[in-house]
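Alright, here's a single protein chain in two forms, structure 1 and structure 2, each given by itself as structure tokens.
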Structure 1
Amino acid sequence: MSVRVRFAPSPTGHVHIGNIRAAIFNWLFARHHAGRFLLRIEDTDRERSTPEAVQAILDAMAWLGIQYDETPLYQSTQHPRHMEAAESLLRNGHAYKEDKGGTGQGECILFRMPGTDMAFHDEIKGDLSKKAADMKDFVIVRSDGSPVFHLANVVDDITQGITHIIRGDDHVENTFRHVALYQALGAPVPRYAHLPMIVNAQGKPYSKRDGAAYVGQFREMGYSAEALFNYLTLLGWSPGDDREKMTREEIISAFTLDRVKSAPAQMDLRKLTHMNGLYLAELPLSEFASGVRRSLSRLDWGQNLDEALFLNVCRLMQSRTPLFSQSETWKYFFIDPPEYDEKAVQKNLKKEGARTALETIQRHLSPSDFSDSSIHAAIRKAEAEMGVGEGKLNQALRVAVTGSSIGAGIYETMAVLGAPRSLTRLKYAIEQLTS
């Protein structure tokens, strides 16, 4: 049997990570089995299904490298097929009409459940069953003539020849209805696999209240598409060993449904950010610099930067940058004098001996030899002269030169800034302390 799976989102404006994870798992399953991955846009809600919302889905998939194999199917074009199926069910006694609720506003079409206990095998959850008494007839066509999700979904899956339906476990209850619809329509029942829910630290469904929840947000925050793709594969699935950071080819090779867990998967932004840093550190410098440029382009000071300085800063900061957006804290490399953080100044510069320490450092620094190693040696001499331990002058120097108490190694930072700018900043800080 040739595998055919689908991603069938409803365009609502934003693409939740739970939905895109379902797309990823379907895509991986298809690629692992050399099958076909299809896209269906369930756009029958005309108020919410805007061209912009559809484009958001396409953009998210393109960014994450989730390619579909056939022309996307738009559910709104399938209305005649949906109604043909409803009429067939009516003719065969599997459905009936009813003025539901006695509103007099027209007749609905209801599907007649078979009245027997039902069961199906879930590729993740195992055998699932439900008593006949717990399954009531349900509407498949509204009184206004529009098909309900259950009918449209099943008919479209039949149309597209879907063999495996991999979706969130919030659809488990729907699956009993859908199996009955397949049987009544005389179509082969696909295999079902229901993915575990993505939850927060409290075990509740992960939402925008817990942080970034939409694909677009992660992109804006500076996450790498490869890192997000890799991380989302681990939310409910494991390769069966200790591997976490994996290439796409490795994930495709290892991906099977029997390794998908049925327990909820907890979203951990710190873990994702750490993984993202690993990916950014491995990028060619040119690609890393391009990502940084996109982040800085939104800032007034982040445009028209000196190219040589910019690349040197990127080279220094790449392994220390878990998110592209964190490059927005690099302003001190490019703007003179730097903006001084008042708390850092109070703690490191406005204390007894700070000005003397900076003046001592200033004397030992040589403008003609300004590598990080020579800067390090000069600071060691200043410390020895003042009788303080190694590294004791670093923070005062850092704040004087960068305005901040955090950042890359101060010797490497000063080497990137260069002697003229570093020494000018040091002189400026001393003058401010003197005045």
Structure 2
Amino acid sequence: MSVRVRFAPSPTGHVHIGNIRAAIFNWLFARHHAGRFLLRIEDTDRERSTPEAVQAILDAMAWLGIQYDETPLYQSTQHPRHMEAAESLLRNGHAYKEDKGGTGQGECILFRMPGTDMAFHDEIKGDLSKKAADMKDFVIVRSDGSPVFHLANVVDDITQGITHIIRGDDHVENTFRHVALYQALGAPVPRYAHLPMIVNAQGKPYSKRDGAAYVGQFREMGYSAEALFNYLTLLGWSPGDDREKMTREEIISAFTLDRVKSAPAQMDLRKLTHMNGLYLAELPLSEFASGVRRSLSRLDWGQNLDEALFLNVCRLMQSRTPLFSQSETWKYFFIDPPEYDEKAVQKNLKKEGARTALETIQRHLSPSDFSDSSIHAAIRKAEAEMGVGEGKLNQALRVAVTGSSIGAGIYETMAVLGAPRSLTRLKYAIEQLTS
């Protein structure tokens, strides 16, 4: 039988990283087995479900390249089927009506657990079982006539012909109920696989309070979809060898449920960031540029930048940019005069000999020949004239021209900046910032 899996989020807010990881694992499983990956929007909670949240789910999936097969199923359209199932359970004695009282809400429908011990095989956790005494009957239809999650979820999975249910660890206990429902409904029980949770440094479920927790946030922070996808894949799973940075095809072909761990995994933003840097570095310039543009567009100085200059800056900075959002430190390339970092100025410019050094450099620099190699040569001459070692003048020059003590090679930086701007800044620094 061919594999059919699904991602069944409820559209009640942003897309949590743990949820999207479940989607990724389902998708990987489907692709590995040449099966189908379906999307079901569990929008029965009318109070909390919103169209915006549905869109957020669609956006997150599209961004990460998790394509679903077939038309998405909206759970709210399945109400008749849910009720039909409840009626049939009522008829054959697997369910009964009762007024649980207390709040005077009237009668609801409860599912009658079989009263026997239960067991199922989890593809990740192995054989799991539970004693009859530890399982209670549960509500499947509220007194207001609406179906509860357990019923709707199982009925929809039957409707969609789901063969494998891959979901978060927090659903393990529900599985006994769901298996009983399948059996009472006379449907074949699917295979189950429960993914370990993603936790924070305290071992608690990873939440928005631990930094970024939603897919949209990672995107805003400048992570690339491929890097996030790859990293998430490594949380609770590994290919079995030392590979980490892998292409999608490699992951698909290596992905099996028996290699998924059952212990919770802690999110490590530093490792994600490192991996992101590897991905950004190998992006075609145009793609890197568009990621940066997206990030910069939020800044007051980041819009309508000179295209040729922008591309040159991207080319220069790409290999040292671990996050798109780090481009916010590139302001000095575009805005004159640059913002001078006080500490850098104190350390490199306000010192004995700085003025003379910069003046010497100024004399050797030729506005008509401003390639990085000729700038390089000019600096070497200045150093020779002053009797200092190679590279000794670089930092002072860097601070004078960019205002910052960090950046790409200063010769390349100046070449990108161009002679007029570089020389103007140098002149300004000599006159105003040295002492």
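The structure presented is a predicted model; accordingly, all values stated were derived computationally and were not measured. Residue indices: 1-based, along structure 1. So that the term is clear: the rigid core is the largest set of C-alpha atoms that superpose within 1.5 Å between two forms.
Pick out the form predicted on its own: structure 1 or structure 2. The form predicted on its own is the one given as structure 1; the other form is structure 2.
Classify residue 414 as shifted (yes) or not shifted (no) between structures 1 and 2, where shifted means its C-alpha moves by 2 Å or more with the rigid core superposed. Where the cores coincide, residue 414 still shows a C-alpha shift between structures 1 and 2 that is 2 Å or more.
Fitting the rigid core first, would the Cα of residue 28 be found 2 Å or more away between structures 1 and 2? The answer is no; the displacement is under 2 Å.
Threshold 2 Å Cα movement between structures 1 and 2 for residue 70, core superposed: Moves: no, less than 2 Å.
Let me know the CA shift of residue 392 between structures 1 and 2 in Å, rounded to one decimal, core fitted. Shift of residue 392 at C-alpha, rigid core superposed: 4.6 Å.
Where the core is superposed, what shift in Å does the CA of residue 306 undergo between structures 1 and 2? C-alpha displacement of residue 306 between structures 1 and 2: 2.4 Å.
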